[in-house]
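The chain below stands alone and is given in structure tokens; this is the form predicted alone.
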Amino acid sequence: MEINTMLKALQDPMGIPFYPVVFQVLMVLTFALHIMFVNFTLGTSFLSVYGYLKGGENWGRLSRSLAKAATVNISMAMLLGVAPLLFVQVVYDPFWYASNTLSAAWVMGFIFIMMLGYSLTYVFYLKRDSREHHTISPLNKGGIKGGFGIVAFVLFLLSGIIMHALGYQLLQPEKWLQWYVRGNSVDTSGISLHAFQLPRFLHFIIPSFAMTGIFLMLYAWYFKNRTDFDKGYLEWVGRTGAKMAFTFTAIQAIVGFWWLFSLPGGFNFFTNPFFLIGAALGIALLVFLYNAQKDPVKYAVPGILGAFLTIFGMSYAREALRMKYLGRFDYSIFTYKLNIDWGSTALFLATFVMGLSIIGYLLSVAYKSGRVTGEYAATHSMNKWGKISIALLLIWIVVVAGLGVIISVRNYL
């Protein structure tokens, strides 16, 4: 059987419920949001442990803040990871499910690895040394507590390796059979990760430290008006963040070109317009972060906006590259059988918008409450937004549960 025929046979015979270009745009957008918080998770997890083990007044205080931030970043990364995963399953289902089946043990283990990493992050945050001045060795009690954070970071890194392998296996259907059949036997264990490419993996990991640098710049900007924060401490945080952001963005650029030159020569991807746009955004961000060394606080907000725009551009370049890989087998999501279902599509889009509204409310409360020294008092508009969010959630539950009951009854009858 030819690979293209096999891929067609693996597609959902019912087709997809809406125009694939809509799913593709939303997939790239939500992936960009997801990977940004993945970067924050890895970076804040690492830096919180580094600061704890390094010791000192500034590092100790920053470590406590980043340990707390890491718990929030993990939650956001997991929450925002659901949407792009669902979109991939819709438009790239033959590839995604085949890759998952080949490494099924790791796919199931991924959930438990993330759960354990999340739990250990909380243990590190809650059990860590509360002293502002500490000099600790990895062998003493403080070092043992720091070990919780170290193991958590390693688990998050392992999770990244798993997702990288699954995504890379997806691109190589011509190798699926040799991975599945070894000699005269069939390997149904699912315990192997069959594909790994170092520059591609690093291209997703190195930005964690660049993004965390921008996170520190935002930290200094966010607390600048708080009377209980020392100005010298915030200046140190801002300078440290700006230096990190610029240094690791430069390293990321080098790794990005390493990945580019490791691609199959026939792709000529260096002429792809999406790559050129992404590369231009990356270079512009690098220049911007160089200038940010002068005044990190001033450049913090435009810095995170520019960083997200760059991530979005790179994410679309990544999608264009995936289409290049799969185009070798005459596969295109734009030729997927279309079976428009307005009802399910409307429910999905309404759920998506509702989710953004509720997440926006929670983030707004967190943002506003952290900028005041004492107790936060919500404004009338914030209270109204909160009530609307609760009402939307209740309506959504009633609608979804109601549809479930109606469909079940109809099928039974």
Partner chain sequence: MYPIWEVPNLSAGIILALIAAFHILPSHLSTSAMWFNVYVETKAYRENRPELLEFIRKYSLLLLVFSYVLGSLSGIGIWYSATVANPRGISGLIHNYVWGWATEWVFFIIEVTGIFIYYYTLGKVDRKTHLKIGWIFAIGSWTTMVIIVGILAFMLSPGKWPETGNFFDGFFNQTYWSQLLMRTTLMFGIAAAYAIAVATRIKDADVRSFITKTASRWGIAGLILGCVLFLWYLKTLPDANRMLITALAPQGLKTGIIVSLGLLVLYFIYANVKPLTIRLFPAILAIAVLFGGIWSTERIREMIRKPYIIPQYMYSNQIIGKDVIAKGVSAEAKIINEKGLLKVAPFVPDGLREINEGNQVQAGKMIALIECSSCHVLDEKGLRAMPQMIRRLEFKPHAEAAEEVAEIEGFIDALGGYPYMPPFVGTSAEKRALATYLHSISRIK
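Residue numbers count along the first chain shown, from 1. Remember, it's a predicted structure, so these values are computed and weren't measured experimentally.
What comes next is about the form predicted in complex with its partner chain, which is not displayed.
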message: Although the partner isn't part of this model, could you tell me whether residue 361 comes within 4.5 Å of its partner chain in the model of the complex, counting any heavy atom of the residue?
response: yes
- request: Using the partner position in the model of the complex, report whether residue 59 sits within 4.5 Å of its partner chain, counting heavy atoms only.
  value: no
- request: Indicate whether residue 341 is a 4.5 Å heavy atom neighbour of its partner chain in the model of the complex.
  value: yes
task: Indicate whether its partner chain has at least one heavy atom within 4.5 Å of a heavy atom of residue 93 in the model of the complex.
output: yes
- prompt: What is the one choice in 80, 304, 155, 263 with a heavy atom within 4.5 Å of its partner chain in the model of the complex?
  reply: 80
Its partner chain: the contacting residue among 221, 122, 201, 209 in the model of the complex [heavy atom, 4.5 Å]: 122
query: Where does its partner chain sit in the model of the complex: which of 146-154, 201-209, 255-263, 184-192, heavy atoms within 4.5 Å?
result: 184-192
statement: Restricting to 385-401, the residues within 4.5 Å of its partner chain in the model of the complex through any heavy atom are 386, 387, 389, 390, 393, 394, 396, 397, 400, 401
